[in-house]
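One chain comes next, on its own, written as structure tokens: the form predicted on its own.
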């Protein structure tokens, strides 16, 4: 009987192999090979179209840290990343807690909050461009609201705020859905026991609920930081890096260097640096946030 069960398990495992093989092939073709080529070209002086190029070692990486415009794009990207994630994660926890209660029409509101995730980011940028450039100034003029009469996109600080608002609105949906699923896995008897013992709502959340959310929060933070560090679509359709390069992100800068300035090898070096930043940030988050997870207790 045991031998028969093992045979069924082996056949079931073997049936997964084609799916795993396809995934590995796709991952290798679309991620591993481009990443290796990108690192290789970052060590050359290739301009992206010439048939000849030279090996120059780490010169491109030195230029990355000497480029004033690039350092400004790093500054904006870091501000955007911190601002979006510092607002998105707490607010998504609040919404997830609210949307797991037995409220009237809760499924409708879950759908509404998930809606931004299914819209193209390029389309969102174009929509919000019209909102910030035309709709809000028109509302400000008609209602006599002074600060709305001028488009946010006309100033450096306003453009940065506009990009952060759009990033917050679009990136709120996925964490909310994931945290709703995580909240539904919290045992009700543990919450009731904590309540009987006199624990207040904050204490119950910190001691009972948070350990069950920690692993999901790690996923949300890693995804949120990765998406923020490589933000590109919003910038193209909303501000095009302006005004005065105030909203030029690292992703948009890499695009400009590789496609417009013909500095393809330097763009590859910048992409490698960005990859290292994302890797370090993800590792730190998994160590710090993941430490509070239920599996660690």
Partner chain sequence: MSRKTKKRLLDAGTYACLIFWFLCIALVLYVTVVNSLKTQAESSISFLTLPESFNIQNYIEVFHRNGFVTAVVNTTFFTLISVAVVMVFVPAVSYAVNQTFPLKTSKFTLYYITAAMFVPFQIVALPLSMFMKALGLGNRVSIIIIFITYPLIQGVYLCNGYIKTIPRELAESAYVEGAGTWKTFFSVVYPIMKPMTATIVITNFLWMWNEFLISLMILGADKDTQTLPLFIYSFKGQYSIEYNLLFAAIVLSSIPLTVMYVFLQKYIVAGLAGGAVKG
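Positions refer to the first chain, counted from 1. Just so it is clear, the structure is predicted and the values come from calculations on it, not from any experiment. Whichever C-alpha set is largest while still superposing within 1.5 Å between the two forms counts as the rigid core.
Another form, the form predicted in complex with the partner chain, is not on view; read the next lines as being about it.
Q: Heavy atoms within 4.5 Å of the partner chain in the model of the complex: which stretch in 155 to 163, 72 to 80, 182 to 190, 88 to 96 meets that?
A: In short, 88 to 96.
Q: Is the gap between residue 111 and the partner chain in the model of the complex 4.5 Å or less for some heavy atom pair?
A: Yes.
Q: So, in the model of the complex, is residue 134 in contact with the partner chain at a 4.5 angstroms heavy atom limit?
A: Yes, residue 134 lies within 4.5 Å of the partner chain in the model of the complex.
Q: Since only the chain is shown here, I'm wondering whether residue 57 would be in contact with the partner chain in the model of the complex (any heavy atom pair within 4.5 Å).
A: Residue 57: no contact with the partner chain in the model of the complex.
Q: When the contact criterion is heavy atoms within 4.5 Å, does residue 44 count as touching the partner chain in the model of the complex?
A: Contact with the partner chain, no.
Q: Which residues from 234 to 257 come close to the partner chain in the model of the complex, meaning a heavy atom within 4.5 Å?
A: Result: 236, 240, 251, 254, 255.
Q: Taking 2 Å as the cut-off, check whether the CA of residue 29 shifts that much or more between the shown form and the other one after a rigid core fit.
A: It does, since the residue 29 C-alpha is displaced 2 Å or more between the shown form and the other one after the core fit.
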